[in-house]
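Presented as structure tokens, the chain that follows is alone, the form predicted alone.
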Amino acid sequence: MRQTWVLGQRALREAARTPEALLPTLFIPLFFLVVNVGQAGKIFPAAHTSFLHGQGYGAFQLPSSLLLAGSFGTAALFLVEDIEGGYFDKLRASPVPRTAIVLGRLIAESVKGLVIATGLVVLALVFGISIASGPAGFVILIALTALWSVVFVGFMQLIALKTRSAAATQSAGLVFFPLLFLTPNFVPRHMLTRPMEIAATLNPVTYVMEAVRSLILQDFVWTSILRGFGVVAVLGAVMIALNVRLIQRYD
């Protein structure tokens, strides 16, 4: 664990030295939140839309922005820099466990995810969005968003280790946009057309989004919450295992 924490601290220092790399993770989610609410806010007025539970449409859209903020994977780009600069080879030649090499960056990404998600939710509170589940729900939804960011950066690191290319790694991040739009992004799942409902049901991002949304709009709906945590736990374990395996076979 000591090696993991040391490498995690190093990854956090990398992020602190390049704050400009974090700006898109705040600006782009906020941009989509404003645009989506501006386009559909009047179609779904709070007083006459049952799935909003008395809140504005911004509360329904906030989970999409949170998951988008957790899907940039900047830690994977720093990993490519380590590979290109030779530091990664030095780590592999040292007696550092392969799990520590993987988990160090994932821990740093979870910390960044917590900070960014907290900032977005605080901004949302300022503009009138409330968290129906209260302070405890606030903590849970921030934690779930941070765990999703760990899952996504785990995927991005697989691309970085396989291609060793910053361009390919950055391009791989675009996979989130199809996943995002194949979710109940604008309306609840039961209001989607049948093909879209099937696609959303098969999409793991749907369950994370619905868990976060339930905490914002409905208080503690434990079925949705546990399903969301189950998805990030399974995907997180798969990503860690694949990352460790790829490092062990790295040539």
Partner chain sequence: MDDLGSVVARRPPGYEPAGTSAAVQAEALVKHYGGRTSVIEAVRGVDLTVEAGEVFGFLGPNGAGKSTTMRMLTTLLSITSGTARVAGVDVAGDPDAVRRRIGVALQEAGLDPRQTGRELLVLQGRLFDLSAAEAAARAEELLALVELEEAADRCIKGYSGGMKRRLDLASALVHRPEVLFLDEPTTGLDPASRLTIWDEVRRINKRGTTVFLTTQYLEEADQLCDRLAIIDGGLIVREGTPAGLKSELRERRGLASDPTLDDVFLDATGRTRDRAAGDVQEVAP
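Positions refer to the first chain, counted from 1. As the structure is a computational prediction, the values presented were derived from the model and not from experiment.
Same protein, other form: the form predicted together with its partner chain, not shown, and the subject of what follows.
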| Among 78-86, 141-149, 118-126, 166-174, the region lying within 4.5 Å of its partner chain in the predicted complex by heavy atom distance | 78-86
| request: Considering only heavy atoms, tell me if Leu7 and its partner chain come within 4.5 Å of each other in the predicted complex. | output: yes
| task | With heavy atoms only and a cut-off of 4.5 Å, decide whether Leu91 touches its partner chain in the predicted complex. | result | yes
| task | Would you check, heavy atoms only and a 4.5 Å threshold, whether Pro95 touches its partner chain in the predicted complex? | result | yes
